[in-house]
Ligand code: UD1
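Single chain ahead, written as structure tokens, the form predicted alone.
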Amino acid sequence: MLKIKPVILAAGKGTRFKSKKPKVIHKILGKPMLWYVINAVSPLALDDVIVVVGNQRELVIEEVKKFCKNCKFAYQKEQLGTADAVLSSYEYWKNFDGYIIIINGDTPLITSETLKKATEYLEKLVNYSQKRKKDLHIDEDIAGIILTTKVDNPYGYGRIVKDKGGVIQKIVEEKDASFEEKKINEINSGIYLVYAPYLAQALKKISNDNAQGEYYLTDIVEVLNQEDKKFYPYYVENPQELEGVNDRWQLSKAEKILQERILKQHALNGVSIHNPSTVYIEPDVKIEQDVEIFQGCSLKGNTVIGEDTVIHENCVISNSVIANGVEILPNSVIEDSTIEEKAQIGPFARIRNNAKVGKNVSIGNFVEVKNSIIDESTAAKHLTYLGDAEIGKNVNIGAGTITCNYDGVNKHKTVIKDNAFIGSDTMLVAPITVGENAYTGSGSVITKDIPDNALAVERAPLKIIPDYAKRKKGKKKDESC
């Protein structure tokens, strides 16, 4: 098996992005563009992944370190071309007797499957070449392969010039191509697999005598050809995989393609997705079989959705665990929380800040749960705020209930024990405990702990004023005169 070291080129300014930050850290489905490239090459890596940084390198390094523990960083001080960028990483592979995979950091559509097949193809070429040397005494060296594809309009791409045997003779950039060379529609992807010692030799011989005044990585082909070290094309059937992202519109198109891949994979794994063009699912989301997702939903971060869960229209779920058989009704938001089996959430509910909603719990219309634990079979169905609370089993939370958890300086806890009944429009001023089987009267402001089995009522006496409306209307009439 071939030994591989990846070198990812991520030093460019990305001026067409018109952005204050480097283009390679712009997000696609919640992940930096570089995440997709590193994710694609990592299965091939012998050990480290080398990222060449330049423009605003601190931002790129900071972002990459969040998800790549085995990434090393090389610094290209000046933008002198792709060959110079690769040369800036030389210290990391100068004694490496294997193959360097060189890939641009703005190609998020490349898949690890394609790179693996390309590596397998190179290995076959190398083995065949060694056999010819041994059996036929033919002195033929394989420098490496270059991933290519064909496009209807090759304008702007480097053209692949081959001999009759299929060996790549050179790669010609658009500005340097002749009239005949511009007719070639097989293009350079910018992805190379090159034998490291040969790459080192070639990089030191490249000049910048071209229209751009840069050191082109493509020139390694001609340099090594002159030494009978050959490059072969590895043709990629789907040109979409090799597309670069150079502006915001291309970023949007890449996101659409990656989203479709994710949705398709979930669907093939047994998830029903209604109107998929409106559904947003990020790469780390895990979804079990027989989940049903309706239009307008967004699933983000490290979210897990259990079997037989139904997520209705326009819900947003991020970094949360949803157990089996949960129903999430329209327009609900769940963030950084856990929902246990057969709970029902929504419509228009919000669960957030490490909340835990137990089995068979019902959280209904316009109810917000924040940093609270709600035990099984409890119901809070209408217009309620439950913050910093611990609520037991089989509790009924009446409409309009509020746990008054914040005193202007500190947050305080509300405890409601099993089988309690909280009347509508109750204000529970924390810190406070409501005992088992206890009741609160509707419209009460509760400021003291309630013992088990007790009823707490706090209301001003009802005062009825007879004929108030007549006197009020008469007063208005007198004033108008």
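Numbering starts at 1 and runs along the sequence shown. Everything quoted here is computed from the prediction, not taken from an experiment.
Same protein, other form: the form predicted together with the named molecule, not shown, and the subject of what follows.
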{"query": "Partner contact for residue 173 in the predicted complex: the named molecule, 4.5 angstroms, heavy atom", "finding": "yes"}
{"query": "Partner contact for residue 192 in the predicted complex: the named molecule, 4.5 angstroms, heavy atom", "finding": "yes"}
{"query": "Non-hydrogen atom contact residue 158 with the named molecule in the predicted complex at 4.5 angstroms", "finding": "yes"}
{"query": "Any non-hydrogen atom of residue 278 within 4.5 angstroms of the named molecule in the predicted complex", "finding": "no"}
{"query": "Contact segment among 80-88, 384-392, 286-294, 120-128, judged by heavy atoms lying within 4.5 Å of the named molecule in the predicted complex", "finding": "80-88"}
{"query": "Answer option from 114, 76, 362, 149, heavy atom within 4.5 Å of the named molecule in the predicted complex", "finding": "76"}
{"query": "Contacting member of 259, 405, 303, 104, with respect to the named molecule in the predicted complex [4.5 Å, heavy atom]", "finding": "104"}
{"query": "Contact check for 12, 23 and 218 against the named molecule in the predicted complex, heavy atom at 4.5 Å", "finding": "yes"}
